[in-house]
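Form predicted alone, single chain, as structure tokens, below.
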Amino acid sequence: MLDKTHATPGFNGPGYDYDYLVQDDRVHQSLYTDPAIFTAEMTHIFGAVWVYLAHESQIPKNDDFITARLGLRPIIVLRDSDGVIRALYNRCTHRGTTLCRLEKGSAHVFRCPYHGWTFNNTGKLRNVPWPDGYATDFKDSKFNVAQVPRVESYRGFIFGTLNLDAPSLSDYLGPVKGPIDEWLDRHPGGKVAICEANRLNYRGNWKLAYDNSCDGYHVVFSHRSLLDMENRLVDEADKGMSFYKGKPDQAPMYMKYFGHGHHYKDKRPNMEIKPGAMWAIEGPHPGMEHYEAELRRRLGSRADEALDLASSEPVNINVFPNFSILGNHIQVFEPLSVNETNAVWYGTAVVDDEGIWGDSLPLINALRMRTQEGFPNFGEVDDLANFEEIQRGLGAFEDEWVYMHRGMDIPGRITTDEHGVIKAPATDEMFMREYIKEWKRLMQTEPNIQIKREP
């Protein structure tokens, strides 16, 4: 059978026919390969919705900053000298060079390395060298650093948007706040601290990572070596993600789609609900038995609870377009071009302001760091290889379509509750079909993009 192909697929006059490019069971390969679509995404997606920028624990004190990205825009996320959280464009208003070239630090001013223009950490211009050379009033606000007009936090997670018409952050997150709250509330005081990151890069489109973020269909095929490694020391394969073996469609784990592109996979129903259950399925890591033995010696009956804090909680919480909570990790997607993306995996640590765990806290966090070494180093590399091979395969552009129809049109398989939350087996592609509808809606909507400057 011959398929009719299109030299300029889906092109309709001055814009793209997104109703053609996104169909019920498939999307056009150009969503992943067309540079013009990628450029449009930087406004219609990464400019229009709430994008994850940083965590408050990364800027705990006044004048602390980190550098980040909002789509392609370089950003300085900081707590200014008065404690206000801001997201400044990392761009001098003179000639456009980046103001800050450090990953993180503390500064009450930023001085441009090119010509020495200096700005307060509110973004306001403070000093210009030899100003007599300009017939200019530097009190004009146009010389102050541009910044993201709306910056809000949800329980320590900092998001920003350029769209003045976007809903509040709380409304944007909607029901996905429930899984985020559950994930945080298992920690003392409902808090975590962000640690250093595994920084990975792949030659592929950013949506390939988001397509994968709730995909339970690939696990036993793509992560076979990781599963073998996790279970190499046990008689019965029950560690890590072993519950994907056999008939995972019939397992009690599930996924949910919440709207606004957000979705969630809950694998906890696969295990017993009791202290120590998460630790029981944790794969082996060098030296972990010594930490376990010491915690059991110190804590006795409380040790299982402490060991669960060190374990990776089996959930995938995905906030469109660039933020995921996976196990104990925070994963952030950073698009660089139509076919290049950073995938950054931040570790997290237990914060114990109330002293619940006393001098055992360093042991818990040391073990937690060790358990967080596994997936970024032995699992994510499998995924990145897949993403790169997908990108390469999509170069066969006459074969136009990418299918995402697993679970579709099977009676009783997918349900929708009274709040509009959609539920499906953990191996279905329901979440892909739903989030790409939101992608299409955003690409067809003109956002009210603004920047602000200090007056």
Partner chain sequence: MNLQTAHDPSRTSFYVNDALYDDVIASFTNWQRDDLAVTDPVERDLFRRLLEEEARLLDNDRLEDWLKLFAAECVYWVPATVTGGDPRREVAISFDDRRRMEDRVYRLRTGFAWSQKPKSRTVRLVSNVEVFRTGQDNVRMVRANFQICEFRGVETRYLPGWAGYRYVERNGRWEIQTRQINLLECDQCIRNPSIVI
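Just so we're clear, the structure is a prediction, and the values are computed from it rather than from any experiment. Positions refer to the first chain, counted from 1.
FYI, the form predicted together with its partner chain isn't displayed, but the following is about it.
Figure note: of the listed segments 250-258, 304-312, 151-159, 367-375, the one touching its partner chain in the predicted bound form, with heavy atoms no more than 4.5 Å away, is 367-375. Not one of Ala68, Leu70 and Asn322 comes within 4.5 Å of its partner chain in the predicted bound form, counting any heavy atom.
Comment: its partner chain is not present in this chain, but in the predicted bound form one of Lys124, His285, Arg268, His108 has a heavy atom within 4.5 Å of it, namely His285. Interface residue among Arg296, His94, Arg199, Lys245, judged by heavy atoms within 4.5 Å of its partner chain in the predicted bound form: Arg199. Among heavy atoms of Ala277, none comes within 4.5 Å of its partner chain in the predicted bound form. Taking the partner from elsewhere, Ser141 is found to have every heavy atom lying beyond 4.5 Å of its partner chain in the predicted bound form. Using a 4.5 angstroms threshold between heavy atoms, Asp382 counts as touching its partner chain in the predicted bound form. Residue contact check for Asp228: one or more of its heavy atoms lie within 4.5 Å of its partner chain in the predicted bound form. Annotation for 385-400: interface residues with its partner chain in the predicted bound form are Ala385, Asn386, Glu388 [heavy atom within 4.5 Å].
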